[in-house]
Structure formats: structure tokens, C-alpha cells
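A single chain comes next, written as C-alpha cells; it is the form predicted on its own.
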Amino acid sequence: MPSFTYPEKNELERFVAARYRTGWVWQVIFLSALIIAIFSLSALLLNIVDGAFGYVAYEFKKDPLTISEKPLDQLNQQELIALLQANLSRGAYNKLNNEKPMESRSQGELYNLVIERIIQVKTLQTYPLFRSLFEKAAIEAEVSERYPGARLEFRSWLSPTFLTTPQSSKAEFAGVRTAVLGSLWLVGIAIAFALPVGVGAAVYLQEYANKKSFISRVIQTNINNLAGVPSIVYGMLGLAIFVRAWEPFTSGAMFGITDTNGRTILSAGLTMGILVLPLVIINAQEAIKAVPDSLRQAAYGVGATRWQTVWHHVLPNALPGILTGSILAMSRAIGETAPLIVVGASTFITIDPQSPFTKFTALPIQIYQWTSRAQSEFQAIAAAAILVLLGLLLTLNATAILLRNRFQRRW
């Protein structure tokens, strides 16, 4: 047998020093990666915030004093309705009244209608936040020179009105209410479909199927591959199956609804459910796999069947991991755009979704549509919509995390 000799003192010291140097180098590399990631995310957020706030130079096409002796913001509901009747054509007024009766609109809604339809605001120039904070004098001089008589005010494009107002063809009056509701419908339908189906598939593959069989290996390989398929492919699948093949169901025709086609929020939600299904299955499998096998053996030892073991012991202990998978699924579903475009999301819609069989839009679609516009004010409201999307995503994730922590079990 070869004899083993300990290294000499100097050689050992050099060896230990080399190990510490290698460890220090890798620590610096990992720390640098973390700093780069934090810097990139911070730069992204600052860029978005920079566009959502700032000075705006605008003018009124019609002087408010020519239509009312009192300031518009001091008019009551009936006076605002009278202004709309007096200054709009009968057809335009009746169209607005049919969309939503004037008497049921709030004073703020009527005020916005007067500004939008009668006064008609025209945005001349928008300025980003940091320039507005540090170059105020230069902005005022530029506006007075280039736009004589224009009004200059600091505006937050992200406001309560922005959240509660539907889309408009004019950026000054556009909001994200319809898009937010559409995104919530989409996520709800997708999770309602993907979570039970995904967990059921994971339970069968992990607890019942023969993992060494050829069929199980093929199924498992395909599930892993499907998790990396581009989302546009799922959009084409949704178009072929849910929009066209299942049109009587997804359009609501079999339930007596005849004013829609298959391009509904139900089709989009099911498409997103198919999109996140592999992710849910994989995460649920890992969560089930992490449950100690001793719990199963203890249940079998007292006479429990396999199903009783799964239902009363495996699933309750795997639930936190399953909810973690649902967080990832929601995060992907709420930010996807390509499948929704293929399935038929509307780029301009002002009617809130009332059922799964209605037309729809979503926040990513809204952001895409606004960023494609050349006007600077649309870029500003796109930045505000991105902040809304981030806030919605964080809210949904926080809810799932709270549920996960509530069901967390330690052993």
C-alpha cells in the first residue's frame, strides 16, 4: 500500500493560503454579481419612476371662462350635466349617457368629461422627474419661449383617478381600471385551472406512477421540456383550441350568449393556465418529494390507505411548497403579452369585463400599446401603468406568501 505523508509546514501553509485566496476570489465574484443585479434593478425602477412623474406643459383648446362663470371645479353635479348638454351634440351626449347614465356618474367623472370633451386639453411637452426636480428654472424658461401662454404644472401620472378610469384615446384622461380587472380575471381563471390539474398530475406522478417505467419517464421529460417552450407557441395552441375548436363554449354560445366570439377572457385565461401548468406540476412534485418518507411509513403502519396518506399527510405538508409554485405561476401569467395578442386581446376597450365571455384587455397589452405611441404623454402613462403592474404583482405574491407561511409546518 502506498504510504501517506503529511505535507511539510511550509507546503501546508501555502496550500491553505491558496485555498483562502480561491475562496476570496469567488466571494468577490458572487458579491459583484449581487451588486450588478441590485444596480440593474434599481436603474430599471428609477427609469420607470422618472417617466411617471414630472412637469407637464399643456394648454386648453377652449377657455373655461367662456363656458362657465364659476370655476369648473366648484360646479355641482347638476351644473356639470347642464354644461355637457349645452356644449355637446345630441348624439355625443346620448352616446355618453347610454354608456353610463349621467345622473349615476360622480362629480369627478363629470368634471373629467367636461375637460375631455369640451375644454379639450392638449399636452405640449412632458418632462421627466429628475429633470423636473433639478432643472425647474430651465424648464420654465423653455416653456415660456416655445409655448407662450401654456400652463406648466407638476403632475403625477400615477394617481387614484388613473387607477379608477377606463382607457381613453387621450393620454390625459386614460386609466388602467379595465386593464387591471382584465389581468385579475386572467390570473384567476389561469390559477383556477392550473392549480388543481397541476397538483393532481404531480400527486399521481410522485405517489402512484411507477417512476422507472418508460411511459413515466417520457411524461416527465415532456413536462420538463414544456416548461421552457416559448409563450407564443401556447398562444397558437390557445387560438386553435379555445378560440376556434371550443368557440361554442368559450364564447358562451352554449349558454345563450350570442354577441361574442371565441376571443374572450375565458379563452385567454385557459391559455395562460396551459402556459403555467408545467411550472405548477414541477414545483408541486418537488414539494411532495420534500415531505419526509417517515410520515408515509407511519401512516401506512397504522393502517391508512395510500389515498388517506396523501390527503391527510402528504398534501398538507407539501402545501407551502405548492403555494410557492403558484406564486411563480402567477408571476409569469400576469406579465405575459404574446399569448394574449394571438388569442385576441383588445388594444383599446373601455368596458369592464363582467363575465368570462366578454372581450378583454390586460395590463401588459395596455403598456405595449401605449409604449408604441410616439407622443411623450403616452410614454408617461405607460411608466405609470408599469408601476401599477409591479404593485399588482407584489400584492398577489404577498398574499400567496402569507398563505404559504400560514400553512408552513416544520419537522
Partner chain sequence: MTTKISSLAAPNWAAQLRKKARWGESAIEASLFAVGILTILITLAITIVLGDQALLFFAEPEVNLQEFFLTTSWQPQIGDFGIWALVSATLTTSAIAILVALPLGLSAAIYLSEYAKPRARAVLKPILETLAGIPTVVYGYFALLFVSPIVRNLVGVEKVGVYNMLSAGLVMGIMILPLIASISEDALSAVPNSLREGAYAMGATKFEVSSQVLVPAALSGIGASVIVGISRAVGETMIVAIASGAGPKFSFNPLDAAETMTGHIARISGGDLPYGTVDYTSLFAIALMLFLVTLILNLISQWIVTKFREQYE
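Computed from a prediction, not measured in an experiment: that's the story for all the values here. Whichever C-alpha set is largest while still superposing within 1.5 Å between the two forms counts as the rigid core. Numbering follows the first chain given and starts at 1.
The form predicted together with its partner chain is left out here; the points below concern that form.
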Point to revise | Residue contact check: residue 224 to its partner chain in the model of the complex, 4.5 Å heavy atom | key: yes
**Study point:** Any non-hydrogen atom of residue 134 within 4.5 angstroms of its partner chain in the model of the complex
**Key:** no
Review point. Is residue 254 close enough to touch its partner chain in the model of the complex, meaning at least one heavy atom pair within 4.5 Å?
Key: no
Check your understanding: Heavy atom to heavy atom, is residue 51 within 4.5 Å of its partner chain in the model of the complex?
Key -> yes
Practice item. May I ask you to choose, among 150, 184, 96, 237, the residue with a heavy atom within 4.5 Å of its partner chain in the model of the complex? Key: 237
Revision key, fill the gap. Answer key, its partner chain contact in the model of the complex at 4.5 Å (heavy atoms) among 244, 170, 117, 177: the residue is 244
Check your understanding: Out of 80-88, 135-143, 151-159, 330-338, where are the residues with a heavy atom within 4.5 Å of its partner chain in the model of the complex?
Key -> 330-338
Practice item. Enumerate the residues of 275-309 that have a non-hydrogen atom within 4.5 Å of its partner chain in the model of the complex, in sequence order, or give none. Key: 277, 281, 305, 306, 307, 308
**Study point:** Shift of residue 401 between the shown form and the other one at or above 2 Å (CA, core fit)
**Key:** yes
Review point. By the 2 angstroms cut-off, has the C-alpha of residue 374 moved between the shown form and the other one once the rigid core is superposed?
Key: no
Check your understanding: Cα of residue 32 displaced 2 Å or more between the shown form and the other one, core superposed?
Key -> yes
